[in-house]
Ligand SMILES: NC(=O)c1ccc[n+]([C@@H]2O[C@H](COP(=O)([O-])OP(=O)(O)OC[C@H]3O[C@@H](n4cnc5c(N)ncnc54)[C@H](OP(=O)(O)O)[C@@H]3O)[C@@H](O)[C@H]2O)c1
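In the form predicted alone, a lone chain appears below as structure tokens.
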């Protein structure tokens, strides 16, 4: 298979890329590093990336940002960071990317536990994650050419524990092997329109 992994050099992405690279052709995309560059908040950048990659069997997005901050301090512009990047960025990856997938290909998006179990300072991020969950369930009903679209929703992963542990008191970090397996399930399984939740 030929896979495109957006965010393939990140904390989770590099572990996912390492697995799939063993037996497949993997193209890494990132904002500042990778085989191709992309800014998922920019539709033209997304279109340019796919013109460079050509036909694919799977697209995985393990990227996207959203503003964290207390609700009383968040401005309207802060919400649009997540809307333009993590939400519409991934929606546009599906809209454009489906045209570059071979029959039976798959698209895997990424969200996180905040959609179902938010913590403080995550009103914007939780909103974006929840929106993506609803989008994936709906778009899975309309995909053509046997293309599947799923989303992986992870809790705080082990490799990010030190960075985020103060935001998630008492949460059990998700082993990296479980995180990788969620993406394997989406790519190699038959799920479509599925939220693959791994929260501990």
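Numbering follows the first chain given and starts at 1. Keep in mind the model is a prediction, meaning the values are calculated, not measured.
In what follows, reference is made to the form predicted together with this ligand, a form of this protein that is not presented.
At a distance of at most 4.5 angstroms from this ligand in the predicted bound form, none of the three residues 97, 131 and 192 contributes a non-hydrogen atom. Within 4.5 Å of some heavy atom of this ligand in the predicted bound form lies at least one heavy atom of residue 6. In the predicted bound form, this ligand sits within 4.5 Å of a heavy atom belonging to residue 111. At the 4.5 Å threshold, heavy atoms of residue 70 stay clear of this ligand in the predicted bound form, well away from it.
Contact between residue 181 and this ligand in the predicted bound form is not found at the 4.5 Å heavy atom cutoff.
The contact residue chosen from 26, 62, 58, 136 relative to this ligand in the predicted bound form is 62, the criterion being a non-hydrogen atom within 4.5 angstroms.
Along 28 to 64, residues 30, 31, 32, 33, 38, 39, 40, 41, 62, 63, 64 each place a heavy atom within 4.5 Å of this ligand in the predicted bound form.
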